[in-house]
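We give structure tokens for two forms of one protein chain below, kept apart as structure 1 and structure 2.
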Structure 1
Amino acid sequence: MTTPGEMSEADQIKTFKDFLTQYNKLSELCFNDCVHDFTSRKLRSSEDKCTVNCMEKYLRTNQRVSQRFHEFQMIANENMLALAQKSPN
């Protein structure tokens, strides 16, 4: 049995699988957008720079979306609390 704040093993596995899925999607997206020359085993500097920029942009965007979601969730919770306090018991 888990205590509040702890994740069960199943939850940890699901979280890890979700992380791997997102990582693989990001890798595929940036690879497809940035790598076009398959005549060499090494990335060209332009391809390397493109992939780094792609990943940084994705991570910044994901962070911003998460931040905005959290802000909206806080507002929704405050509105629900205010509504509950207004309604007669």
Structure 2
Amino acid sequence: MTTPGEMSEADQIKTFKDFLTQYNKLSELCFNDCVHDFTSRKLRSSEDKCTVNCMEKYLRTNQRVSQRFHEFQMIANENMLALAQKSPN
């Protein structure tokens, strides 16, 4: 076991992997949603702005979904506990 507050190596690798996966997904999403014009080699300023907004918005989306998700998790856990206490087997 690890000391509290410190991640095991496996956990750290998992976190890093999740980060990279998220990074790739974000690039794909924002590229597909923001970049449509290939008449120029450089990113247009509108494309640049769009991609940055896209990224920030996605992260905020994730944050909000995470909050709601955990609320539902908590309720589900409480229900499960109540159920287990009512009928111990």
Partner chain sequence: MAMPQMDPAKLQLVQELEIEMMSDMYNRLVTACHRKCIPLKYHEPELGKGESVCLDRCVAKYLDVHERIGKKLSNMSQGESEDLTKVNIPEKK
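For residue numbers, the reference is structure 1: its sequence is counted from 1. Between two forms, the rigid core is the largest collection of C-alphas that superpose within 1.5 Å. Only a predicted model underlies this, so the values are computations on that prediction, with no experimental measurement involved.
Exercise. Which depiction, structure 1 or structure 2, is to be taken as the form predicted in complex with its partner chain?
Worked result: Of the two forms shown, it is structure 2 that corresponds to the form predicted in complex with its partner chain, while structure 1 does not.
Exercise. Once the two forms are fit on the core, has residue 61 moved its CA by at least 2 Å between structure 1 and structure 2?
Worked result: Comparing forms between structure 1 and structure 2, the residue 61 CA shifts below 2 Å.
For this session: Determine whether the C-alpha of residue 35 shifts by 2 Å or more between structure 1 and structure 2 once the rigid core is superposed.
Result: Passes the 2 Å threshold, so yes.
Problem set entry | Shift of residue 81 between structure 1 and structure 2 at or above 2 Å (CA, core fit) | The answer is yes, as the C-alpha of residue 81 shifts between structure 1 and structure 2 by 2 Å or more after core alignment.
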